[in-house]
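Only one chain is shown below, in structure tokens, and it's the form predicted on its own.
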Amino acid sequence: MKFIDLHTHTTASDGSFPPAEVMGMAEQAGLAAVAITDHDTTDGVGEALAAGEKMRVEVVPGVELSVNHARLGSLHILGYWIQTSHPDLAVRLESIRGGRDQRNQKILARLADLGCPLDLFEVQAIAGGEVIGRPHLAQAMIKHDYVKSTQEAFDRYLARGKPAYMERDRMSSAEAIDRIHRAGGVAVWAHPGLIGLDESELEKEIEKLVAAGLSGIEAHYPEHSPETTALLLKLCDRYQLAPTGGTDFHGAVKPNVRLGSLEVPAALLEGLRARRP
């Protein structure tokens, strides 16, 4: 049986491997297809597509969008088969990245107040010229011995509700799904099992997202329990949504997660592909 991984990150956002290296790992893992789904950017897709052609691994051009949620703070929406240069999406992503830069400045100022000063240029060097994310800040904190691990950096300072956490510009779920559609893509709710909703609450969220044009749910995910996966597959069937899956591979940021370590059947890709406009 062939397997796929529809949730991966590269150095274009907060992953630790360039897109071509991610594709090399995909080939070594024997994957049939990989989706490049960096946060708020599609800059890594072109390199991945070129590498995938040489390695005969299908590349699904994608993106992961963090969207506002009044009660939960945020949800993540994955867009697949998007036209990466489509202005409706590209201009909005550029705006979001600008907001991320402002947020990073606020986080740096707050960390300095907390006794953990960091130099922006040093963090930029760690990010390799790509979008700076909280994992890059965590790596700089480790370098200065403020914390021992990325997990500690988030647990003590950077996670939501912690002293150095700052909100940033996000789309609504309806806007994100609409922009994915206008860019020719398919919208999927990423890792819904992580937010701790029961079946009734999940259904309410799914109904809202389906009304906005949602096409699928990431049912297979490393941190989903077997019971959660079974529930999400049931809800996919109930609401006629395509089930998907991926590892959320980041590399060093999540050292225990290997590319392709989750057995997601390649047949699911065809179910999702059928939802393309």
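For clarity, every value in this text was computed on a predicted model and none was experimentally measured. Sequential numbering from 1, following the sequence displayed.
One more form of this protein should be noted, the form predicted in complex with a small molecule, which is absent from this view; the next part is about it.
Taking non-hydrogen atoms only, Arg179 never approaches the small molecule to within 4.5 angstroms in the predicted complex. Among residues of the shown chain, Arg110 is not one whose heavy atoms approach the small molecule to within 4.5 Å in the predicted complex.
Contact annotation: Leu72 falls outside 4.5 Å of the small molecule in the predicted complex, judged by heavy atom distances. Interface residue remark: Phe154 is counted as part of the site for the small molecule in the predicted complex, having a heavy atom within 4.5 Å.
Looking at 154 to 162, 115 to 123, 196 to 204, 141 to 149, the stretch with residues near the small molecule in the predicted complex, meaning non-hydrogen atoms within 4.5 angstroms, turns out to be 154 to 162.
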